[in-house]
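For reference, the chain that follows is the form predicted on its own, supplied as C-alpha cells.
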C-alpha cells in the first residue's frame, strides 16, 4: 500500500521525512491542514516497531489535530510529528537541535509542541534551531506544561457526562477507571479524587503508578485488567486504540471519557460503542485544553504579548459547551458522538478552505 492509499492519509497537505545521520534522528512531520492557520501539534518520541507504524501514527494524530483545533475554534490547522527512538535511552540535545532544523525546513507550516516522550527541556533544544516551537518555559509568552489544562478539560468532561447520565452534581460514589497516570492521567486522577470519585488505576510505569495510587487512595490493577473492572466511567489516558473489538465487550461502565488521542480503533468501533449504549466523549473534544493552552502561547509569540489565562479559560468554557451540544445531538439524532464531532470539525475546516480559495 502506498502513502496515498493509506486510510489515514485523508487529504494531508504534506508529509515530510527527515534523517540526520550524525545524531540518529529519524522523524516524520505530517501536516494535515493549514486552512484555519499554521498546523500545530505535539512531537512524540516513541520506539516504533516499524517505520510503517510510525507513519500510520503520525498521520492519524495529524488528522486528529486538525479536528481538535477546529472543534476548539482555534486559528490553527492540524499537524503532528514523531521521532522514532527510545525516549529513555536515545535522547540528546543534539538530536532535538537536528529535529529543530527539520521543523525549520517545513517553513512555518508546522509548529511543534510537547507530546509523549518529549519534555520542555527537549523543546528548548529544538528552539535553538527553529522559532516554530511552543511549550517553552521562562518567557512572558510561556504557557508552561499543558498537561494540567488538558486534565482540567477531561475532568470537566467527566462531570458533564456524569450530570447527564446520573443527574449527579458531584462525583461522590462514582468509580472511574483511569488507564495511564502519566502527566495528564496523574493530574486527572488528582482532580477526580478531590471531587469524591473512587479510582481504579493502571500504568506500565510502576513507580509513577504507586505514587499516584498512594495519594489518591486508588486501587491498582494490571494493565490488561483495567478493561474488566467494575467502573462507571472508563478514562483512557495512555496511547490510542484502547477501545477496540477485543476490549469493548469487556467494559462494564456507562461512559468513556479520557485524555488519550485516537481512543477508538476505528469508525466502526465508534458505532459499536453507540450501539452498546455507552456515552463516548470524543477524545479530541475533551482533551483540547492542552492545545488551547499552547495556542495562547503562540498568540503571545506572534504579537509580542504575554500568556493570557483568561483567554484560555474562555476557550475551555466554550469547548465544554460544544461537548454539551455533541451529547445532546447524539441523543436527538440517534447518531454516535464521534460522527457529530467530526461533522462539526469538518464543516469548520471546509469553510476555512473555501474562504482561502476565494481570497
Ligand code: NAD
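None of these values were measured; they are calculated from a predicted model. Residue numbers count along the first chain shown, from 1. Definition used throughout: the rigid core is the maximal C-alpha set that superposes within 1.5 Å between two forms.
FYI, the form predicted in complex with ligand NAD isn't displayed, but the following is about it.
is_contact(residue 74, ligand NAD) in the predicted bound form, heavy atom dist at most 4.5 Å: Because no heavy atom of residue 74 falls inside 4.5 Å of ligand NAD in the predicted bound form, the answer is no.
Distance check, residue 126 to ligand NAD in the predicted bound form, heavy atom within 4.5 Å: Flag for residue 126 set to no.
Heavy atom of residue 63 within 4.5 Å of ligand NAD in the predicted bound form: Contact with ligand NAD, no.
Contact label in the predicted bound form: residue 177 to ligand NAD, heavy atom within 4.5 Å: Although ligand NAD is absent here, residue 177 would stay clear of it in the predicted bound form, with no heavy atoms inside 4.5 Å.
Output flag, 42, 70 and 117 jointly within 4.5 Å of ligand NAD in the predicted bound form, heavy atom basis: Heavy-atom distance to ligand NAD in the predicted bound form: none of the three under 4.5 Å.
Partner-contacting position among 156, 191, 183, 198 - heavy atom within 4.5 Å of ligand NAD in the predicted bound form: Flagged contact: 183.
The unique member of 203, 152, 232, 97 whose heavy atoms fall within 4.5 Å of ligand NAD in the predicted bound form: Contact residue from the list: 203.
Listed range touching ligand NAD, judged in the predicted bound form by heavy atoms within 4.5 Å, from 163-171, 183-191, 129-137, 267-275: Answer to the contact question: 183-191.
Residues in 306-321 with any heavy atom within 4.5 Å of ligand NAD in the predicted bound form: Sequence-ordered list is empty.
Per-residue C-alpha change between this form and the one not shown, residue 307, threshold 2 Å, rigid core fit: Shift at residue 307: below 2 Å after core fit.
Yes/no, residue 292 Cα shift of 2 Å or more between this form and the one not shown with rigid core fixed: No; residue 292 is a residue whose C-alpha shifts by less than 2 Å between this form and the one not shown when the cores are overlaid.
Core fit, then residue 323 C-alpha moves 2 Å or more between this form and the one not shown: Shift of 2 Å or more: no.
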